[in-house]
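We give C-alpha cells for two forms of one protein chain below, kept apart as structure 1 and structure 2.
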Structure 1
Amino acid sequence: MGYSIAVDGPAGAGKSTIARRIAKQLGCIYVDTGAMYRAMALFLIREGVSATDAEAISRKCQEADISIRYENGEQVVLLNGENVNGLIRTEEVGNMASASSPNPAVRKKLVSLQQRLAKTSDVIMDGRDIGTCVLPDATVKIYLTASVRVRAMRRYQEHIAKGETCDLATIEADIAKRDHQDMTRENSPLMQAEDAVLVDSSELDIDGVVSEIIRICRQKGIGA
C-alpha cells in the first residue's frame, strides 16, 4: 500500500525546499503543484486561449493531461506525454499561470490529476490546502509554519544574497497581508487540518525541519 504526505503552511515557511529534501530522502515523488499549473498554462497558450477568456480556459483545460515522474533522479513534468521541463519557466507561461490558476475548472482538473498521482505513486505534496482539500486522506499531514518575523527575515536574506536591495519591514508587511488573504479566501482557505502535526520552524534550520518530519513519518510507518 502506498503513502502520501501533505505539507501545508503559509508563504515563506519553506514548504517546497523541505518537501524536495524529504522526497529525496524517502525516495518518493515530490509533486510540484506549481509546475503542474505552469504546464496547464503552456497548454492553454499553445491552444491560443486568451488569459482573459475564463469560459475558454474552463473548456480547454479539460483536454490537458499533466503528470510528474522521476527520470534519472530528475523531476519531469509531462504535458500530454511530452517532457515540458524546459518550457514552463518563461515569463509568458508564468503570467498565464497567474491568470488561469484561480479558474475553478482549472483547479478542479489539476486537483483530480494530483489525486490520481497520489493513488498510483508514493508522493509528498505541498501547498495551502493539500491536507484539507487535495489529499484529505493523506498518510501524514504536516502544517509547517514559522513566525511572520522569521519568514520575513529568510526572504530578506535571500534577496540580499542575490545582491538585491529590499526593506525588511516591507517584506514583513507583505507576508502578513498574504497570510490574511490565504486564511480568509472563499475557496480552500489556508488552515491546519484537524489531524495535521504542527511543525514550527522558527527555531530550526532546514536539516532540523527535515529530521523532525522524517521522524513523524516513521511513526506512521513511512521509511521505517
Structure 2
Amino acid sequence: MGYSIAVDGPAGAGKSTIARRIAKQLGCIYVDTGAMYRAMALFLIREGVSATDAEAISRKCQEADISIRYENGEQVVLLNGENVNGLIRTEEVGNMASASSPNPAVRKKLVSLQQRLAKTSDVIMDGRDIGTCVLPDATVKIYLTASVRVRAMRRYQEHIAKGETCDLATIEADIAKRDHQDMTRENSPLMQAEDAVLVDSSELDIDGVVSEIIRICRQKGIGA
C-alpha cells in the first residue's frame, strides 16, 4: 500500500525545506504545490491578466498546461512545456499566486494534478489545503507552524545572507498580512485539519523538526 504525507502551514514555517529532507530520508517524492500556483501566476502575468479580474483568471487559466517532472530528485515545473523553476520565486509572482490561487477554476485544475500524483507514487506534499482538501485520506497529516516573529526573522536572515538589505518590521507585517489572506479566504482557507498533528518549529531547528515528523510517520507505519 502506498502512503501520502500532507504538510500544511503558513508561509515561512519551513515546509519546503523540511518536506524535501523527509522525502530524501524516506525515499518518496516531494510535491511542492506552491510552485504549481506560482507557475500558473507566471502564466497569468505573461498574459497580462489583472490580479483583480476573477473572470479573466478563470478563463485564461484553462490555457495553461502545468505538469511536473523530476530531475535528480528535484521537482521541475513545466508551464506549457517550458521549465519555469528559475522564474517563479520572485515577489511579483508570489503576489500574483496569492491573488489567483483562491480562484475556483485555478484550484480545480491544480488539485486534480496533485491528486493524480499522489495516486501514482508515495508522496510528501506541502501546501495550504493538502490535509483538508487535496488528500483528505493522507496517511499522515502535519500542520507545521512557527510564530510570526520567528518566521520573519528566518526570512530576514535569508535576505541578509544574500547580501540584500531589508527591514524586519516590514517583513513581519507582510507575513501577518499573508497569513490573514490565506486563513480568511472563502475557497480552501489555510487551517489545521482535525486529524493533523501540530508541529511548532519556533523552538526547533531543521533537524529537530525532521526527526519529530519522522517519528510521527513511523507511528503510522511509514519508514518503520
Ligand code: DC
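Residue positions are counted from 1 along structure 1's sequence. All figures in this text were calculated on a predicted structure; none of them were measured in a lab. Whichever C-alpha set is largest while still superposing within 1.5 Å between the two forms counts as the rigid core.
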Either 1 or 2, the form predicted together with 2'-deoxycytidine-5'-monophosphate: 2
Post core alignment: Pro189 C-alpha displaced by 2 Å or more between structure 1 and structure 2: no
CA of Cys133, rigid core aligned, shift of 2 Å or more between structure 1 and structure 2: no
Relative rotation of the two rigid parts between structure 1 and structure 2, taken as the smaller one's turn in degrees: 29
C-alpha positional change at Ala51 between structure 1 and structure 2 - rigid core reference, Å: 9.6
